[in-house]
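Let's start with one chain on its own, the form predicted on its own, as structure tokens.
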């Protein structure tokens, strides 16, 4: 078990260091997110009440589509270098590869959220730094990265991976999308906890279920 966690730490560090050196994934995600926010800002003239109702949907759409750009590159480095088979043989358990990729994607998603929220707040003159809203975004990002990392491993070796990934991923993410938007609307409109607690619970349960399923089936996915 100690060797398992040591391997996980090494793989996560490798992915983050590689991204820090190239900045390919993070740069494309941030550029897309900020440009999308500017487009939404000029396309919608909303009063304060409408902004509170639409803010959760707008911010999550931007984060979700930006995150999809990053997911496309999750396993691309190993594929281009021809090192994935060697990586599979080197680790004590194949599932550790998925978990390392998932954690790396999740941390990058958190960076995206931290940068996107202040930009949105400035453009729309609306404070999004509400603890409950941040919690549901964090839970939503976990569910997104869990499902996205697994599906990215399925599509990485296909020629149409850039198109196939969102086609397969977005239907799977429907519970997350609904829960994030509904919970966010409740939080930002000042509703009571009882009106959106069920959506927070859905995000938590979805993340646990998708993480468990991915750990169980990842070995089969990559070998098939």
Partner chain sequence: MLLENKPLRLLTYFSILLVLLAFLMVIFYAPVELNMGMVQKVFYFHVSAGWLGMLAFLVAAISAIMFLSKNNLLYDHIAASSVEIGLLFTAIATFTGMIWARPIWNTWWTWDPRLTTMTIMAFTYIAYILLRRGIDEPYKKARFGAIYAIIGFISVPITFFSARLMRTIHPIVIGGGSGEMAMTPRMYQTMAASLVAFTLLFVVLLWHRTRLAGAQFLMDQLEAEQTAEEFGEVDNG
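What you are looking at is a predicted structure, and each value in this text was computed from that prediction instead of being measured. Positions refer to the first chain, counted from 1.
The form predicted in complex with the partner chain is left out here; the points below concern that form.
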| item | value |
| --- | --- |
| The partner chain: the contacting residue among 168, 30, 52, 37 in the predicted complex [heavy atom, 4.5 Å] | 168 |
| 134, 107, 117, 154 - the one with a heavy atom within 4.5 Å of the partner chain in the predicted complex | 154 |
| Proximity of residue 150 to the partner chain in the predicted complex, heavy atoms at 4.5 Å | yes |
| Heavy atom of residue 209 within 4.5 Å of the partner chain in the predicted complex | yes |
| 4.5 angstroms heavy atom contact with the partner chain in the predicted complex for residue 199 | yes |
| Exercise: residue 172 in contact with the partner chain in the predicted complex, heavy atom 4.5 Å | yes |
